[in-house]
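In the form predicted on its own, a lone chain appears below as structure tokens.
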Amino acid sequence: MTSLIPTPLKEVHVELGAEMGEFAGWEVASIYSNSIEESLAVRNDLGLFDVSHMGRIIVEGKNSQNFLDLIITKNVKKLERGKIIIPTAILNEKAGFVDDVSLFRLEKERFLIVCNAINRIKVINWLQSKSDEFGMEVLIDDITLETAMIAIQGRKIQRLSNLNYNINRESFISNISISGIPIKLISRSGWTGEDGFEIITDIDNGKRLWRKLLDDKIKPCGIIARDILRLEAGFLLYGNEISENINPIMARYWIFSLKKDNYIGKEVLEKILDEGVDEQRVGLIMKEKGAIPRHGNEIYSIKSKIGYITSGGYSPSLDRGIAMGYINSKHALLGSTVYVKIRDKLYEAKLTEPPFYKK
């Protein structure tokens, strides 16, 4: 059995009584108090998340811009220093997702890729193999295990006077301090559907920062609350809504540009757009409050099975079950009623367009 990678902030979580669990090969804080309370804290005030499990990969060198422009589905050459492309993607030759990522331009020829934890090694190997294939020398440096990453998310982000930085959405600044604690990077970004910041720093300063931020009455939250929030916001999860075998057209995930000259998967994407897809991603809101859909539940029309749930659960913001899933394209009529099979019983659901929760 492969041992889990402990989050670099594990010491702090255990000290504060968090329940630890497993996610994508990492030992992470699952719950601090109650995942519903934690989710609502973000919607109504502020929440603090340890997202150190996310991959952090530096790509640099004189060919780094041109190389990444062939790898990334949006226009890297137009990305300014201090800006982020979020989200974007790395596709395989069949236009399936290697991963969906964020790309930061640190310097003219120095970039940071933040990727999903489950795909970190795969992304590194993909970058290395493609740099060899293209004959473009770049330096690829995995800094994940030597850094910590913290997210502050919530409706009342403006109340934090020590974070009163002039950072626009999808932008960042580097090498500053928060309450006297040095950090490497702070960005205006997040994965909850609320405003917020994501911070990258070294591990010791990450522990100091976590403790310091708790003094500002920010509620510590676990990864279960983060998953509830991302589902409410309609954000896709690798291994659920996207994979190597799912393309952006099926996923209705518009993280690519057709105006770029070329990148891996572009020609296939154009062909898929021409021909259409047999199934596509939809959102579902359950009509009966007690009906909570889960990953793998089947979706029916009146009599026929037409799809399956990829992510589902209880939404504290809506006080009912919500889900995303894939159904046959001919049944993807927003506003129509379908049925989700939960424990051998069919429950009504309305097809809708995520996000389920809007600020």
Partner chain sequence: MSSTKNPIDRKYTKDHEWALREGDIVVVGITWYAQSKLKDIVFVDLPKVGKKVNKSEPVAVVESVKTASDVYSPLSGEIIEVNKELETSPELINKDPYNKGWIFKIKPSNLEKEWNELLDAKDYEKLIQ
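Positions refer to the first chain, counted from 1. Nothing here was measured: the structure is a model prediction, and the numbers come from that model.
The next section is about a form of this same protein that is not shown, the form predicted together with its partner chain.
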item: Listed range touching its partner chain, judged in the predicted bound form by heavy atoms within 4.5 Å, from 66-74, 287-295, 325-333, 50-58; value: 287-295
item: One residue of Leu91, Val282, Ile228, Ile242 in contact with its partner chain, assessed in the predicted bound form (non-hydrogen atom, 4.5 angstroms); value: Ile228
item: Contacting member of Glu22, Glu11, Glu19, Glu348, with respect to its partner chain in the predicted bound form [4.5 Å, heavy atom]; value: Glu19
item: is_contact(Tyr314, its partner chain) in the predicted bound form, heavy atom dist at most 4.5 Å; value: yes
item: Residue contact check: Ile31 to its partner chain in the predicted bound form, 4.5 Å heavy atom; value: yes
item: 4.5 Å heavy atom contact, Leu318 to its partner chain in the predicted bound form; value: no
item: Close approach of Ile36 to its partner chain in the predicted bound form, 4.5 Å, heavy atom; value: yes
